[in-house]
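The chain that follows stands alone, in the form predicted on its own, written as structure tokens.
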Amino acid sequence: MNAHTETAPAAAASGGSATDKFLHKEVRADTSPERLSAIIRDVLAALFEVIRKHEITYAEYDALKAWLIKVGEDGEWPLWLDVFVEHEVEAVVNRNRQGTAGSIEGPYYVPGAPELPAECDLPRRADEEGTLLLFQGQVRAVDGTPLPGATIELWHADNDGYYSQFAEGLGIPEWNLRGTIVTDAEGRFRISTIQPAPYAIPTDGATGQMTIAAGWSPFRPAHLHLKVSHPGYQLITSQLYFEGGEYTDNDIAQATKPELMLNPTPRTDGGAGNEVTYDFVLDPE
């Protein structure tokens, strides 16, 4: 697959995998009946306002019901919600954070990636395509204190826009381009990987059907996914993007932020590929 085509992992494969992973996640909100009632009433009120504003017809209403059923059949509710809704939840949850800015987790996170030392190669195939990338930096507290032993969960797509465990039939190793890195005594890390490519969300399922029908681009810019944590500090879930990359100004997931941009430059140590440096700052609990 070329990242600049409308092709993406099949909805039935990637959507089903995302749903299966989510169903194995422990979900507990502890929302009171009063709060739940208020949220549901506001959601319905907003929906009713849309119906009145646009004078929705019965034909459009029936098309909506058919589409909602298809989203479930395609296993794409995690995909749809993470693409179109999660960025607002993330903004609310992290609005008071002083440290590194957050971004969406997305549907392709898998816990339990292999643990790796501070200086490491992210697991990848011997013939992995793409530009080599040295990703380095330091994890600190908001007061500047280095955080040794901090954990960095890193995962990203390959040069064709596929994520391991979400692309059936392609022979991608289970933990390809996924790892859990532990920072050194100074909170530093130095990770060798490849620079991911932009990709389209699956366009052959219900999510893509809606996206294309609305005339929207289905593409996400190239990005690295991260979860950074340390005991006594708030975990931050974020994404890092690449300056000048395609789709950074029209990300379908609306998740890009200026403070999360990387500027790759040729490696200064004589190694092949590019390097980027990015430091993470964690807020206390």
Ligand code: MBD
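Given the structure is predicted, the values throughout are model-derived calculations rather than measurements. Note that residue numbering begins at 1 and tracks the sequence as displayed.
In what follows, reference is made to the form predicted in complex with the named molecule, a form of this protein that is not presented.
At least one heavy atom of Ile104 is located within 4.5 Å of the named molecule in the predicted bound form. The named molecule in the predicted bound form comes within 4.5 Å of no heavy atom belonging to His230. Contact annotation for Thr256: none of its heavy atoms lies within 4.5 Å of the named molecule in the predicted bound form. With a 4.5 Å cutoff on heavy atoms, Ala206 does not count as touching the named molecule in the predicted bound form; it lies far away. Shown without its partner, this chain lists Val71, Leu133, Leu122, Val83 as candidates; in the predicted bound form, only Val83 has a non-hydrogen atom within 4.5 angstroms of the named molecule. Checking 256-264, 38-46, 222-230, 53-61 against the named molecule in the predicted bound form, the stretch whose residues place heavy atoms within 4.5 Å of it is 222-230.
Heavy atoms closer than or equal to 4.5 Å to the named molecule in the predicted bound form belong, across 199-215, to one residue only: Tyr199.
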